[in-house]
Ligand code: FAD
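Encoded as structure tokens, the following chain is the form predicted alone, with no partner shown.
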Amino acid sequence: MKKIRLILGDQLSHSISSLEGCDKLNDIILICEVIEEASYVKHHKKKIAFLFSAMRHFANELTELGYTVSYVKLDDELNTGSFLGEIKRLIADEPCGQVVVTQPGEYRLLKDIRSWESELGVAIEVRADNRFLSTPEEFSSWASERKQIRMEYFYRNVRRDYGILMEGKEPVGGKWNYDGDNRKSPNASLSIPPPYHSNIDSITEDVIKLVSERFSDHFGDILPFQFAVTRNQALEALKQFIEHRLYYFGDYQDAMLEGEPWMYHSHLSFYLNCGLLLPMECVRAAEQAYYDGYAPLNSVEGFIRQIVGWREYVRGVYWHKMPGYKAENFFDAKRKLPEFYWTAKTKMNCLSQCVTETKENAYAHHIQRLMVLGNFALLTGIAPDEVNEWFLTVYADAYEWVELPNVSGMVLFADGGYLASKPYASGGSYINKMSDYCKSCQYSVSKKNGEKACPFNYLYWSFLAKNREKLSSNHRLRMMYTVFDRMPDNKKAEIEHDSNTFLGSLK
């Protein structure tokens, strides 16, 4: 009997497991644009347009390859608005014996899918997602053998297993990690190449019009639209990164400059996370660039670590710790998300720059997310659920499996140190070192207290003081508590006063 093979919007790979063994003469590929998924958080307009366009192009590719595709557009009159509703509607016209789907990237959706069998009266087969290099089961087995899990050791195992940048049993160059070489401060003389920019075809034009009309109240700018929406375009974006950006990626991967949102980053997470690119083809392309002498080891290793280290690691943490991970709140943070995360209207230039670029591009690179937007949320005690929803809403590469561990674990330390060994908190000096944002700010990064002082400076010390009971035993913070203890009482009083005044003004 025929099968329905459901492909989700972030599974746009011709080698996805749900297509394996497909009978092109009988099986039906179902791809749906459903309001339930487009609006469970109010996703950035550009993210919705990107995915809908990529889905439509992918459906056309499958049809050209001889598959039978049932594609449901958002504005189809009979669209029920949910996956379950669309499967029911298809089964009514095309009786089937089984629904096959690749495991989704969100726990809530997997939970829903597992309930469909009783609703539909047909078997549901959930297949492993074969686009990753390690399975959730393999990660859980690795994690269960350790008191502390750290990405570095997981990353080394993946490098060994797949022979990535290896010379026998040892890493190329003699070191596993070149992160220490990847923290150069930026300067105005950098010649940063333009990012990949696709041509907008009629399919994308239709989607942009649809999203502009149906999601007008969602955050973000839909134009200009630059994303790759086909596999061939995504491969071109990969090629462009390898040839024009990878060389300096390592040196300046932590750098931030006004008017340069893309820097030397790859911007490939959009395509990796929706299936248009596969991790190993990106890894091998970067590895080959090193062997061919086109890119230095620190850049190549840093890029590869983001994919086979961090990306695989956070996915493992997500499935290992869900569903309880979503409720973690180590610091008992309760503050509401300030309005400027949506408007960019703040006197703090670094925050204004990062929110503005997020609004324009549905993108900000990892240091902007971690050390500016995230650092502020951590220091001011914004509630994890508020921060998680914002990150999931605004970035085109965000899905809960990758967003939640990064935000709750890395950004907010809400899991109490399960994922990261210390809170990634800092004062203004770090931002000043790694960017030119402070030059145009209404606050002074050199001032530690008072109305003109950079708020990061006193908020950092206030955060440490407030959470001393929970953090003082952390060996990576011991020196900072020693510094704090040596401060005179009047200095500590100024920190407390300035922090309370600033926090009281947040809206």
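Numbering starts at 1 and follows the sequence shown. Remember, it's a predicted structure, so these values are computed and weren't measured experimentally.
Omitted from view is the form predicted together with the ligand, to which the following refers.
Colleague: Go through 223-231, 304-312, 140-148, 166-174 and give me the stretch that gets within 4.5 Å of the ligand in the predicted bound form, heavy atoms only.
Modeller: Selected stretch: 304-312.
Colleague: Looking at 160, 114, 366, 209, which is the one with a non-hydrogen atom within 4.5 Å of the ligand in the predicted bound form?
Modeller: By the 4.5 Å criterion, the partner-contacting residue is 366.
Colleague: Which of 341, 391, 413, 196 has a heavy atom within 4.5 Å of the ligand in the predicted bound form?
Modeller: Going through each option in turn, the one that passes is 391.
Colleague: Heavy atoms within 4.5 Å of the ligand in the predicted bound form: does residue 100 have any?
Modeller: Flag for residue 100 set to no.
Colleague: Can residue 399 be called a contact residue for the ligand in the predicted bound form at 4.5 Å between heavy atoms?
Modeller: Yes - in the predicted bound form, heavy atoms of residue 399 and the ligand come within 4.5 Å of each other.
Colleague: Flag residue 86 as yes or no: does it have a non-hydrogen atom within 4.5 angstroms of any non-hydrogen atom of the ligand in the predicted bound form?
Modeller: It does not: once the ligand is placed as it appears in the predicted bound form, residue 86 has no heavy atom within 4.5 Å of it.
Colleague: Wondering, does residue 268 line up within 4.5 Å of the ligand in the predicted bound form on heavy atoms?
Modeller: Yes, residue 268 lies within 4.5 Å of the ligand in the predicted bound form.
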